Every structure is written in structure tokens, then in C-alpha cells.
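There is one chain below, alone, in C-alpha cells, taken in the form predicted alone.
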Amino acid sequence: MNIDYKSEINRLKEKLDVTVVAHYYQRDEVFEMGDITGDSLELARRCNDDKNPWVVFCGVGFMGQSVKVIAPHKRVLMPKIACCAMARMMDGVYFEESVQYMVDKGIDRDNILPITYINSDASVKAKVGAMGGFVCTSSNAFAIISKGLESGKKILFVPDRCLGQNFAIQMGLKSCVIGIDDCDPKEADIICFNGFCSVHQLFTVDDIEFYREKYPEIKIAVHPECDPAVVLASDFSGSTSQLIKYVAQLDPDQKVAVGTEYNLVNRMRKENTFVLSSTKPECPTMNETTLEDLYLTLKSIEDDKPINEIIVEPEVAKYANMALQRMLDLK
């Protein structure tokens, strides 16, 4: 039997008290079904304010977890509980090892303030929350790090080294990466875990030089998950939503090459916009979700047999919520 998935999805959305949420990196056909769309910060805030009891989140696992932590009364389902590769690079054990590394180098545990990128498991957010730390996104990392520095403590930034390094450079601070060279926490302001986004590592300075040679007047805009050398060689660096705004405000004749996930770049203006890569920088886990998956998840609610529900242990949720709320409370 052939099913018109879009029609069925729309029927189910009208019938059920459900909100479909889609991250910018989702496939076009899935993204178009979203009632709420955006980057990590926007989705966290809007899901928190949404009134429907059911959330179907099209994204990766940590995003569904974040909604459940912030709004525990909601039933959160995911068409695919896809795993962000960066989030998998750090767990509670690696977090404690990072803290211990700093302690062994002479930093008192009470003088460490952890900040975790939202691209992390709820267990890591809980560890951060229990130590008085914050969650951040690429949109608000500058503000969160600035707030953290007011404490006078050393910042432990996990799991993305590039984000930590890039904001340290932007703020005129010194950073080091645990496991790379001789990272001395006493000599750095921001101490980074050695995690990264495999998609944003695809963009190189060679890519920038290629486009500048081909189009001398071109603008280069990249995500701060890119390597610091790439960010320093670009004209603009910003979060997903900030990149969208930057490109939209350019003169239509201004050429721009964008260094971030392919689906997002492809959804930007059609003229004079290029992907800053010789390969297709497509996030494999973000692209796992299909229309059929979304339909089956909504249908499971209608059938009163919900699938792929996100469950977070109460103790983990308690402390992860502390870290997330510290972020949301910072305007």
C-alpha cells in the first residue's frame, strides 16, 4: 500500500496534541514538516514554552533529551534516536577524568567551572550542573563564557575543543586542549576537552584560498565548530541562526561561501551561495530521519503505542536541568 506521508503527517498533526520539531540540519522534506524549526538554542527555548503535551523531535538524541529535561511533563518521541558523533566523544567518565587532569595539574576542584556545549549527553550536562556550571550553544557561548569568567574560576569547556578555542581567541583569552601538547591549566583561561564535529572538520584553509582565488571579492562565513585556523581566515563566524541572518543580509550580488552542514547551506538563497568544501558536508546522523519515520512516530501516538520515547533518569534530569536553566535564565 502506497502512503502519502506528507498528507498523513498533516492529518495526524491536526488530530493530535503534538508539536513536530525539526533542526535546521534535517532533510528538506522533514524540515518542512516542522511546527518549530531552528538551531539548538531556539529549539530549547520554544519547546520550553510550547503548550502541547507531545513533542516529536526530528534531530539527534541529545536534543530530545534536552527537551525532556527542561519540560519533564512532556512526552518526547524521536523518529530516529540518532547519535551526534561529538556528543558520543564525552561521557561521565571522560568528564571526571578531565576534571581530575586539572586537579592533578594544581587546580583545586572548587576552582573549576565547567561549561558544556549543548551537543552533549544528559549525563554530562548533569555532571556540569552539579558543579555549578552551564550549558551553552554556539549562539550564546560568548555570553555564557563571559558570565562564567565572572566567578574567577578556570573554565573547563566540553566537548568541542574548536568552539572553546575560537571563543577564547575572540575574547582575547588563552586556551589549551587536554591531550594536545602540554596543556597547563594554570597558564590557560579555558581548558578544552579534545572533542570535535566531524562535519565541520571537513572545511579547511585550502578551501577558503580556493574560493578567494576564484572569486576575489567573495565573503567566507563559517560555523565556530570549524578549526580555529579556518575561523581566523574567514570574514564571519557564527551559529546556525547567525549564519542564516548574515547571508540573508548580504547584497544579492555578493558571493559567499558557507562552511556548515550541507542541508542548511542548500536551503539558503539560491544565487551566489556556495558550500565551502570540495566534498558534501552532510551530517549522517541528522540525515537518518525520513518522512516515513516521522509518520510512523506520529501514528504510534494515534495508536496509543508510542515509540522511541526519550526517558531521562530523575537524578540525571535534576542536575542537567540546573545547567540548562542557568543558560536559559541568562538573557
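Residue indices: 1-based, along the sequence shown. What you see is a predicted model, and the numbers here were worked out from it, not measured in a lab.
This next part talks about the form predicted together with ligand 13P, which is not shown.
- The closest heavy atom approach of N119 to ligand 13P in the model of the complex falls within 4.5 Å.
- Heavy atoms of T240 reach within 4.5 Å of ligand 13P in the model of the complex, making it an interface residue.
- Proximity of H223 to ligand 13P in the model of the complex falls within the 4.5 Å heavy atom cutoff.
- In the model of the complex, ligand 13P stays beyond 4.5 Å of every heavy atom belonging to D50.
- Only one of the listed residues (S234, S98, S138, N166) places a non-hydrogen atom within 4.5 angstroms of ligand 13P in the model of the complex, and that residue is S138.
- Interface residue among S40, Q65, T289, T297, judged by heavy atoms within 4.5 Å of ligand 13P in the model of the complex: S40.
- Partner contacts here mean any heavy atom within 4.5 Å of ligand 13P in the model of the complex, and among 7-15, 20-28, 305-313, 318-326 they occur only in 20-28.
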